[in-house]
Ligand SMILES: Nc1ncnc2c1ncn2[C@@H]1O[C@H](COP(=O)(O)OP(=O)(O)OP(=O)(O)O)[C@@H](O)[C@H]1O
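A lone chain, given as structure tokens: the form predicted on its own.
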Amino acid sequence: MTISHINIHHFRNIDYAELSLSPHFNFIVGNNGSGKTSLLEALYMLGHGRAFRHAQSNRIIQHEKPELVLFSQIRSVNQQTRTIGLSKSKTGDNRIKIDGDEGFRLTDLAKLLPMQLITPEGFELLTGGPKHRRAFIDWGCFHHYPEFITLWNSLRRLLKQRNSLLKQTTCYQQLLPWDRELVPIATKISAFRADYASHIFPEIVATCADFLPEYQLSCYFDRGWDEDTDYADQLIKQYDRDKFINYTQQGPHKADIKLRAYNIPVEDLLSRGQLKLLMCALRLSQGEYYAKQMGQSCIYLLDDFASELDQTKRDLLAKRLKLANSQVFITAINEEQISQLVDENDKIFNIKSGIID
């Protein structure tokens, strides 16, 4: 899918905007604080139902406005046109319309508009806690295994109940009914993640060889508990420790991806520019693998394209994005940063104080 048209109402400092978009590259140019990242966030919200900088509605809806509204037309690979409408109130309520019909969920948006986001804050994927890397692998599982989202929601519910019950139990047998339900779900989720990892890791290593040929990258999936232990046995084994802190310490909610170069954690070895390239390699690899498997491309959103990258690395990233044949949105401070990227199929939008032309 590509976004062919978008209307924006009351989103951050953009009071109103109506844009016709290129199915190829779209460049958003403006000074810091002009609203270029807000436009990128509005596009992101179409595929996620939330902004990427702030989850709170009152931080993204214009002051004294009751809600924000986004409307878009999207186009499939066979040129079928569909419409998406999304409104969010200051109480956090979402209303979603697809082709004029209501009753849809945020997951329906995510299925329609798969997106890869690259921002200056995206270093957390490599340097932050495991939750960021779990989100990365779960994005792939969500799109490639239809059963995954239902299992993941069940896992969250059961873990919340189990942690609450840990405060009340006096022996493990009192937890057994919940663990009998939890174990097969945890095992299936871990199996999906491991299977996805086995396919995406070679893609990441190959892309890294292109972006960072001076390093030999290795990737490992850590499922969140001992590899040689059945999860049912692990829950019994750790009951006393879980009881002590009233929290389930091991399981798929603790899964992680280990990224190393020459057996050294990448965050301890690579410079910031190299980390940005590696982050881009992960996002591109995931988007390209999705495109190969699903027969449609991802949408790529890049905020502050030039940050941390010299001209050679920018050219390398741009070339790979061009080859992906995807719709791409890039923010930049001035047109000089993007001059070598623009061709006749692309569009440039200039933004100043929330006004776009």
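Worth saying up front: this structure is predicted, and the values here are computed from it rather than measured. Start at 1 with the first residue shown and count on from there.
Below, we refer to the form predicted in complex with this ligand, which is not included among the displayed structures.
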Requested in this report: Name the stretch: of 42 to 50, 291 to 299, 60 to 68, 309 to 317, exactly one has residues whose heavy atoms fall within 4.5 Å of this ligand in the predicted complex.
Outcome: 60 to 68
**Report entry** Candidate from Ala17, Leu341, Leu21, Ile333 lying within 4.5 Å of this ligand in the predicted complex - any heavy atom
**Finding:** Ile333
Query raised in the report: Would Ser326 sit within 4.5 Å of this ligand in the predicted complex, counting heavy atoms only?
Result: no
Requested in this report: Considering only heavy atoms, tell me if His9 and this ligand come within 4.5 Å of each other in the predicted complex.
Outcome: no
Query raised in the report: Do Ser34 and this ligand share at least one heavy atom pair within 4.5 Å in the predicted complex?
Result: yes
**Report entry** Residues within 4.5 Å of this ligand in the predicted complex, restricted to 287 to 305 and counted by heavy atom
**Finding:** none
